[in-house]
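The form predicted alone is given below as one chain in structure tokens.
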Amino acid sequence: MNLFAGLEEIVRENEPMAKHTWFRLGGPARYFARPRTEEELRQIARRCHENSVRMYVLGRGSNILVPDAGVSGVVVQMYYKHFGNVSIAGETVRAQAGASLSQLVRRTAQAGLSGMECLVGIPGTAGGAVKINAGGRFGDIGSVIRSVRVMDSSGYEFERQRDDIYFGYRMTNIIAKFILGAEFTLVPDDPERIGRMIREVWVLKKNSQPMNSRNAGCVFKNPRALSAGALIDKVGLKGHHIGGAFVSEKHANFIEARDDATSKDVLQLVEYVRQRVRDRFDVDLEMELDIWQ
């Protein structure tokens, strides 16, 4: 492990990725790193940059599919124990990249601050949520962001202000490899009202989405003015399976995995679903699931 000499405490070789993803699928990562500080992260980034080694960024593994063969580069996890701090001062909330969205929702609600309710039920981290402007029918995280701290692949750190960031549907124009943290501006509100809203959103999601199964959230982005789940349902694919992967009976934009599933099963099912929707509606479904190559 000469590439990471001196960093052996935080870098492992041939780490099984199945235990780090919500799908619980995928082969090993050639290297798996859990930096404890931004300086350790910077060292990893620079060594990979100088040696042309590909880096993958992992939060809680809730929106990714790792191939059965694994990945040959370095998986860098922004682990919550080292990058999970959340602080609140007045209407300003600061969160490191590894902070869970459930923690953000809970802490801000307890403080009587509104703006994070749209993140209820999303099993990701602050960093991942900022990167893709996570949210749903009740709003998105981009609406409350003030600034974002990032680090590029060569280890250079800088801050981007709200006016410099474009927030689109499940995307931003942030291209830096690592999101280190973000600052949010929320709105004071009655904690009881916020709590009611959180419960309403949670019940709605629990009743309409497979919350306690092996899945990675929505597979496809919703086409403009359409619902990906509705399109998939209309072509009769709820319950359709390939190997151990199947389209959820509860919400057709979710793919669930049985114990015998492989990443290949999921990939083949994804392509089958896209083809059926394309043939029937002439709509090309765009991926929301992050498929590592």
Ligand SMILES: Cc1cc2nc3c(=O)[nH]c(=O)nc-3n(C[C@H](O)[C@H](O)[C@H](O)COP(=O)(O)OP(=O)(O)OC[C@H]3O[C@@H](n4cnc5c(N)ncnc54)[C@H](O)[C@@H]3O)c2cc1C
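The first residue of the shown sequence is 1; numbering continues from there. Every value quoted in this text rests on a predicted model; they were computed, and no experiment measured them.
As for the form predicted together with the named molecule, it is not shown, yet the points below apply to it.
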The one residue among 267, 57, 53, 235 placing a heavy atom within 4.5 Å of the named molecule in the model of the complex is 57
One residue of 177, 82, 107, 160 in contact with the named molecule, assessed in the model of the complex (non-hydrogen atom, 4.5 angstroms): 177
Segment assignment from 189 to 197, 134 to 142, 85 to 93, 152 to 160: heavy atom within 4.5 Å of the named molecule in the model of the complex: 134 to 142
Looking at the partner-bound form in the model of the complex, is residue 74 within 4.5 Å of the named molecule by any heavy atom? no
4.5 angstroms heavy atom contact with the named molecule in the model of the complex for residue 147: no
Should residue 292 be classed as touching the named molecule in the model of the complex when contacts are defined as heavy atoms within 4.5 Å? yes
Answer for residue 182 alone: is it within 4.5 Å of the named molecule in the model of the complex, judged on heavy atom distances? no
Within 123 to 162, which residues come within 4.5 Å of the named molecule in the model of the complex, counting heavy atoms only? 123, 124, 125, 127, 128, 129, 131, 132, 134, 135
